[in-house]
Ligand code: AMP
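Given next, in structure tokens, is a single chain: the form predicted alone.
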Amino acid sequence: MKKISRCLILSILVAVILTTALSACASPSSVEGTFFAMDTVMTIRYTGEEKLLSECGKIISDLEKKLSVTDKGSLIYALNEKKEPIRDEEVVALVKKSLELSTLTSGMFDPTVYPLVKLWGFTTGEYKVPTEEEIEALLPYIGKDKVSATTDVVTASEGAQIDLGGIAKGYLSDVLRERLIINGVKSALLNLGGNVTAIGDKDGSGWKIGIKNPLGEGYFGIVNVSDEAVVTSGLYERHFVSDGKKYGHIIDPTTGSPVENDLLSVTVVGKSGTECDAFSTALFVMGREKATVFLKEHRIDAVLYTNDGVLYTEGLQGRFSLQPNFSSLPCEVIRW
């Protein structure tokens, strides 16, 4: 009887262990990882296999090596400094997309402003306010017509240089999102330095994404999203102060100087992180009036923080709300 009891107990223990092991395999775990790339901290959080995290890390690293404007081994650096044509399929496609979005936004999103970005010191960190003569000397090299992107090669005219920083994180979020979904991930949040992409939802409800207060700490608003990207552009991201005046890193291609208008930040919400990234920059350059017209014309969802209050598109009604401590801000809906 003792032998039978021992055998029975052993069988039960084995069954319990196997059941526990199988349950653990069947239930995907919560995984989170942090990376530093493209001059920002990136956080990836998802429910799924842990090995996917290293795959995501490789995707981030590989893309940065291709697109960096300062890495002497990158394809963009070779194009800018040596005029070596780019034949990499992924980069060619991204440049083509950048030029298409530049056309769509009437040049307000422009990947060729890099010479001006350097002039103001935003690449090197050696900030300065250039003279009008220095700015005027570079303006002839700015514009999408200075870059050619065919089906398989990208070239740039003499003096022209490109920087895909205004679209790279959005594109990266789309690539990472696709990789995670292909591998069975149904719930994830990717935060690529304020460039946020959500997969699925969180605990049966949408992801609540905070929109940073451009005038200080914390968030002024919350937007609820599922399977969407949320990208914000504003002067608070990178800037320097000279003689008491703040100069932001977003350059107006028409003037060659940092943007100065009635917008403090622009947040775009949509399915494509790539497009949201470009649109947030373009809308910020446009200013309130032109941005509002553009949003209506193309039915793009966005939140504009202006000098006078907050505007948001009707597609975000019921999904966007001000934080309690910002409830006194004037808030207006942009109707289609």
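Since this is a predicted model, take the numbers as computed values, not measurements. Numbering starts at 1 and runs along the sequence shown.
Quick note: we don't show the form predicted together with adenosine monophosphate, though the next part is all about it.
K.L.:
Between adenosine monophosphate and M108, S233 and I251, in the predicted complex, does every residue show a non-hydrogen atom at 4.5 Å or closer?
P.N.:
So, yes: the whole triplet contacts adenosine monophosphate.
K.L.:
Though adenosine monophosphate is not shown, can you say which of K97, R238, K202, K146 has a heavy atom within 4.5 Å of it in the predicted complex?
P.N.:
Checking each option against adenosine monophosphate in the predicted complex, the one that comes within 4.5 Å is R238.
K.L.:
Using a 4.5 Å heavy atom cut-off, which residue among P115, G221, G166, G256 comes into contact with adenosine monophosphate in the predicted complex?
P.N.:
Partner contact (heavy atom, 4.5 Å) among the options: G166.
K.L.:
Are any of the heavy atoms in V285 no more than 4.5 Å from a heavy atom of adenosine monophosphate in the predicted complex?
P.N.:
V285 belongs to the contact set for adenosine monophosphate.
K.L.:
Taking adenosine monophosphate as it sits in the predicted complex, is T281 in contact with it (heavy atom to heavy atom, 4.5 Å or less)?
P.N.:
Within the cut-off, so yes.
K.L.:
Pick the stretch from 242-250, 88-96, 213-221, 149-157 whose residues have a heavy atom within 4.5 Å of adenosine monophosphate in the predicted complex.
P.N.:
Among the candidates, contact is made by 242-250.
K.L.:
In sequence order, which positions of 255-277 have a non-hydrogen atom within 4.5 Å of adenosine monophosphate in the predicted complex?
P.N.:
Contacting residue: only D277.
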